[in-house]
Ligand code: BES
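Single chain ahead, written as structure tokens, the form predicted alone.
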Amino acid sequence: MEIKASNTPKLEWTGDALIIGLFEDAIELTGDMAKLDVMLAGTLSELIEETEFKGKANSTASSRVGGTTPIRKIMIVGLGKSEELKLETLRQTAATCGRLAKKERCKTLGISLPICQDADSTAIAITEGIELALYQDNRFKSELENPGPDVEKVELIGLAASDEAIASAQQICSGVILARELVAAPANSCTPITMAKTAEALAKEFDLTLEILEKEDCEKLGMGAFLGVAQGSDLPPKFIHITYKPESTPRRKLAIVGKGLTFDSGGLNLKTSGSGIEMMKIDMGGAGTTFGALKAIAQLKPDVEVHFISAVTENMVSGHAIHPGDFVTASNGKTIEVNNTDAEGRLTLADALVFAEKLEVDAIVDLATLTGACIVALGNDIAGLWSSNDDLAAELTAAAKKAGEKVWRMPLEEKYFEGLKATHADMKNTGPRPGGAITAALFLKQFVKNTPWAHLDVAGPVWIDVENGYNNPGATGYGVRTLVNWILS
């Protein structure tokens, strides 16, 4: 899909459909809008009157235009109250515009929306909304959904935005789409082996440094926590480390660590039917986001060195599986009593965090579909944020706000670590039921000594069951845009 800014006036634009955003408090047609209505023989004013259009956010109306006018259809979309306009409003509105154009079988679309902040920020938000709303994952379908014509060309009318801004938004969207595809793929398609192949493909395409540690390599590094989880699977574990380095001296060095459980059966603490076991393909959502951010950053080429890390495996039931009550030793020497094999993600992250800190980076962020407790606390739309560093937490919060992705900082209540203490090991991998998302974060904190670190529990927002803004049902690619904004900041 081609998206470009256009200085063509609304009165002169030609194409299949022209869609115009209207605020609740500005429905009356004046100026250019009145002239456009005259040119369309009153179609626009009739459309507003007959549909009782009030400008409510994301409400729409459309009409075919008769005669010899340069457009085939005129459409209007509600923007809500003018004083509440923000970039997220434009993303959501652009998504609505894209879906309406697809429904009305329009190949070329002109969009006239107001500017928020500046032209480039506006163009980026609109581009993200359209691209992500119109993406459909039909890889596993025998017949395509919505087989009608695709929207091929979109012009952002009256918006003096740069081509570079739109291109960067499309590059970021390509990373979001990769994350969606990885998370949506079933566990017999997305495996530790295929994740490693994806890493190889990305490294080759963008000329990145790739390191894949096999089981034997992990054993040499003492990654007993990661390998303890992996030992129940017939598929080999893959510890993936991809490095992006700018051509110039980097202004800072960062590490992103994504939980990479391509399937989580719960191990011998087996998940039961109704507990969500059939959805445990999404337990590599953190790794999916990590790979998606990697793809975007490799195209955007910032002056920041970034290490993308994931300890990838399955958590399976077999005669080799780790027992509840077993002790494992992480690569920093800490011993862990595995009192619940279904709290496996934090074990894989433990060794990944130790590995990341040895790279001597300026900050580490991990992402994981870690706890149901976080969903209980914050619901399906909001990720939990824990950090040992106020500045890093503020950076991530600002990056998420810019992306339109919701996060909420949660407490690292040190007293709660008492619930993780074990009699004969340094700690257990789970504590009491109350505050389960907090104790999970406190567990991870034991594996980062000095580096500023933040943990994002994304268990809720990586997947949605119904259409939500510019997210289609299924995998959302949550976190890619937040990470990219943070890296670029």
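Numbers for residues come from their place in the sequence shown, where the first is 1. These numbers were taken from a predicted model, which means no experiment stands behind them.
Another form, the form predicted together with this ligand, is not on view; read the next lines as being about it.
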Inset, instruction - Identify, from the list I115, L134, A298, I375, the residue with a heavy atom within 4.5 Å of this ligand in the predicted complex. - result: I375
Legend entry - Interface residue in the predicted complex among Q171, T335, N340, S121, criterion: non-hydrogen atom within 4.5 angstroms of this ligand: N340
Inset, instruction - Decide whether K271 counts as a contact residue for this ligand in the predicted complex under a heavy atom distance cut-off of 4.5 Å. - result: yes
Legend entry - this ligand contact in the predicted complex: S387, any heavy atom under 4.5 Å: no
Inset, instruction - Determine whether any heavy atom of R346 comes within 4.5 Å of a heavy atom of this ligand in the predicted complex, and answer yes or no. - result: yes
Inset, instruction - Using the partner position in the predicted complex, report whether T313 sits within 4.5 Å of this ligand, counting heavy atoms only. - result: no
Legend entry - Option from 289-297, 73-81, 103-111, 363-371 whose residues, in the predicted complex, bring a heavy atom within 4.5 Å of this ligand: 363-371
Legend entry - this ligand in the predicted complex: contacted by all of S6, E128 and L159, heavy atom 4.5 Å: no
Legend entry - Contact set, 22-36 vs this ligand in the predicted complex - heavy atom within 4.5 angstroms: none
